[in-house]
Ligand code: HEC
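Single chain ahead, written as structure tokens, the form predicted on its own.
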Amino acid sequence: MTRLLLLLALLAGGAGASNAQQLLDWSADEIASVGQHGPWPPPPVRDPSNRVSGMPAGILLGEHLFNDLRLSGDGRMSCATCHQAGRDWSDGLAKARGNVELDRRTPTLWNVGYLHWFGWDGAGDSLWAQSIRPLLDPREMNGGPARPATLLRSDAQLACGYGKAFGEKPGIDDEKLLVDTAKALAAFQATLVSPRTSFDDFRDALVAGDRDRAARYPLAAQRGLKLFIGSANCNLCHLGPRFTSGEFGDVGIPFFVRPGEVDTGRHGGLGRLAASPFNLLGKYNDDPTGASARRTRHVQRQHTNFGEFRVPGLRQVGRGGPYMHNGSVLTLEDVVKHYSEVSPDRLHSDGVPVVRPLALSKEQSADLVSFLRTLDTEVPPRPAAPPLCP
């Protein structure tokens, strides 16, 4: 028995050594850089410009409205038509339905509550303001400003849910009820936080100095992560726990939509933001301090914003194609190829461009894709929302 126990101990020690050998050497600077991409998940977010943000009653009302076809003009489209839970809160299409917003694709709603600019061009400065646009857009839900108000006043369950969330009955001001509908929708969307992944386990183990646990992370993913934070400099834009700056950049994707029509990106978005009666400088901002409007007040529209689009977060990225703002890149492998071979002539930013051709080898490209896929995980089916007023 003693010999058997000794043999098992030796075998276990050998297995541990083998596992430890699967961990690459990580410098202190690299560990610090990896550590900046967590921890995950972050604390819940609350939007001070939205008085029902973070409130259970507002979240529940928003979930019911999110799935309600009656908000559209023809009764055939809800928010969930394009932002499907089973498709990682997008639709899997290269172009959004109705050629919305100059042939852009439907972005995922994962982690959308942590952003400070919304839409591919940043035309929304709050999640609730961004949620108003598809309700009114004739190419999308085409409900008109009175439709949400009529629905809230006429449906007993929604009226009850509205009372619980906002502390009053739906009134006669249609525009106010439109905004309140959007605020409930935003309260729900802000709860859509992507789950932890194998990257998060590796990150936590590496930061904690747990070599055996960190060694469970695939070698190809480790090599890809070293590229991501190292020579490829992907984390200059895809930084932090959400793997995005939330800001805008030109990545060499052509901005011509069709002959004679151009998608100006951030440049046009800032113009629409300034003209919107629902921006944070307007009367519907619930923040008594006014601090939430500071970014909107000081942002300046510049010619360098032409053709810039919001940097997307990379969590669940392998499950969210097609890619780029216009859905022009079909696979994750093609995305990496784009950045490996991007033409400097397509970059029109002033000064030194952040994006440059990476000239990756076939093996490096595969490693980078392997890392990116560790930011994905399966998500269990979402249960049905409970009744608003049982």
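Residue numbers here begin at 1 and follow the sequence given. A quick note: this is a predicted structure, and the numbers were derived from the prediction, not measured.
In what follows, reference is made to the form predicted in complex with the ligand, a form of this protein that is not presented.
Just one of 251, 177, 270, 158 has a heavy atom within 4.5 angstroms of the ligand in the predicted complex, so which one?
-> Of the candidates 251, 177, 270, 158, 251 is the one lying within 4.5 Å of the ligand in the predicted complex.
Among the candidates 309, 166, 217, 284, the residue which, in the predicted complex, approaches the ligand to within 4.5 Å (heavy atoms) | Comparing distances to the ligand in the predicted complex, the residue within 4.5 Å is 309.
Check 46, 60 and 149: does every one of them have a heavy atom within 4.5 Å of the ligand in the predicted complex?
-> Negative, none of the three is within 4.5 Å.
Among 274-282, 168-176, 196-204, 310-318, mark the stretch whose residues have heavy atoms within 4.5 Å of the ligand in the predicted complex.
-> That would be 310-318.
Check whether residue 183 has any heavy atom within 4.5 Å of a heavy atom of the ligand in the predicted complex, and answer yes or no.
-> Contact check for residue 183: no, nothing within 4.5 Å of the ligand in the predicted complex.
Could you tell me if residue 141 has a non-hydrogen atom within 4.5 Å of the ligand in the predicted complex?
-> Yes, residue 141 sits close enough to the ligand in the predicted complex that at least one of its heavy atoms falls within 4.5 Å.
In the predicted complex, does residue 106 have a heavy atom within 4.5 Å of the ligand?
-> Residue 106: contacts the ligand in the predicted complex.
Considering only heavy atoms, tell me if residue 221 and the ligand come within 4.5 Å of each other in the predicted complex.
-> No, no contact at 4.5 Å.
Sequence-ordered residues of 118-134 touching the ligand in the predicted complex, heavy atom within 4.5 Å = Contacting residues: 118, 119, 120, 121, 127, 130, 131, 133, 134.
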